[in-house]
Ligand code: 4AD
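The data below hold one chain only, encoded as structure tokens and taken in the form predicted alone.
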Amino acid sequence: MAAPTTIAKLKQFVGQEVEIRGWMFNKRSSGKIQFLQIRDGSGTVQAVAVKSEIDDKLFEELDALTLESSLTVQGVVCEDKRSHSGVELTLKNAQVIAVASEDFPIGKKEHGVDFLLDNRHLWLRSERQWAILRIRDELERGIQDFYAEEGFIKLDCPEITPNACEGTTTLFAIDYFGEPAYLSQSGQLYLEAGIMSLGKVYDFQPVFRAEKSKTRRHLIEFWMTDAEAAFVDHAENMQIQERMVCYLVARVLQHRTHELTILERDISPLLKVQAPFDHLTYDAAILELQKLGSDIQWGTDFGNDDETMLMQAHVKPLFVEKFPAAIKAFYMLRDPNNEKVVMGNDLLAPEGYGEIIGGSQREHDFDKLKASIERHQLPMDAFKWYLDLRQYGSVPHSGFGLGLERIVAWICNLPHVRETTPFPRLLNRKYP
């Protein structure tokens, strides 16, 4: 009996007969020889069926097989240096599991974005989407491995919250048994509670933002990882972010070169992602943008175009720090040397991808945090528990949040975040 295996492992079985189970995504024939392109999720391989070497009925059955039909194939693994996998199969036998309808919607011709998103459940089978999702998976595992190496503990935060980190204007409100509640856009506040127990913590889960934006960087539902650490100041917080981004880029370059090749990703910019990253204060960034022709004024947050313009002169990610307090969240620590700005940062990716991380040192003084909540006109009752953290052993601490889809888009060099997640939720799309 042929040993069942996966396509990714075929190099281990050169000269042996194996069995693979998957789908036929392409086929060509020269009359007496059929070349079947088989995929199984782990990779792709060509199975060569020679008419004189297999049963006539099976040869005819394979010849009539439609694209995306599922089947089991037994064959001998042979070296093939022309193939990206380095091997091919000499087919000995096969069993058809299910014959696909002849009109598989996703063909080789060009399709519009709406058509592809309507058929996202089938579009996922394409080689490009396969490559993107495998890079996404590598980043997800890399994020958790990085945290483990840095001594962070995973803390699962609630998706339903009574209050928001930064007000409720961009949150989805829900009826929680007759009381108002919201779908979370960050687990940060809960992580701050966790550090008083565990020291360094992180979450990694979907979050929701009811922002009516149609830019290429925004999704309604997306995955976020937030991290918080006790006794970490603003400078060390940025060092952790820098180490994390370098680690993730290096990991993809090491383990997903084939997928990057499928995407035709020029990896030379990624090879430049090494510490140290450049730093600019907000003040310096405003002056640089104005020199570049932007009409941005001090006190205004960066738009997508500003971030893109600012990164033109930077080949590595760039830290912009010390933003005006008036445009940042209530919990950020004010700069002791300049009360008008906060000890926070945005980390901007090159190649036009903009912000991928936002972080700051948090205000740890009870009276100052309470005054900030009042200044932002937030409901004090909803933040009583958050203020408690400053009454019982408060310490200096910092944290940040990284958007998974944004770093996937950057590393894959994608034109829009809608391809970075299996089933994107956009302003006008929740199907399929």
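All of these numbers come straight from a predicted model, not from anything done at the bench. One-based numbering along the sequence shown.
Keep in mind the form predicted together with the named molecule is missing from the figure; the text below concerns it.
- For E211, a non-hydrogen atom is located within 4.5 Å of the named molecule in the predicted complex, even though that partner is not displayed.
- Looking at H218, you'd find a heavy atom of it within 4.5 angstroms of the named molecule in the predicted complex.
- The shortest heavy atom separation between S184 and the named molecule in the predicted complex exceeds 4.5 Å.
- Although the partner is absent here, F323 lies well away from the named molecule in the predicted complex, with no heavy atom inside 4.5 Å.
- The stretch that touches the named molecule in the predicted complex, counting heavy atoms within 4.5 Å, is 353-361, out of 82-90, 353-361, 172-180, 120-128.
- Think of it this way: in the predicted complex, the named molecule has a heavy atom of just one of R406, R39, K27, R390 within 4.5 Å, and the residue is R406.
- Taking a 4.5 Å heavy atom cutoff to the named molecule in the predicted complex, the contact residue among M311, M224, I262, M244 is M224.
- Of all the residues from 396-428, those having a non-hydrogen atom no more than 4.5 Å from the named molecule in the predicted complex are G399, F400, G401, L402, G403, R406.
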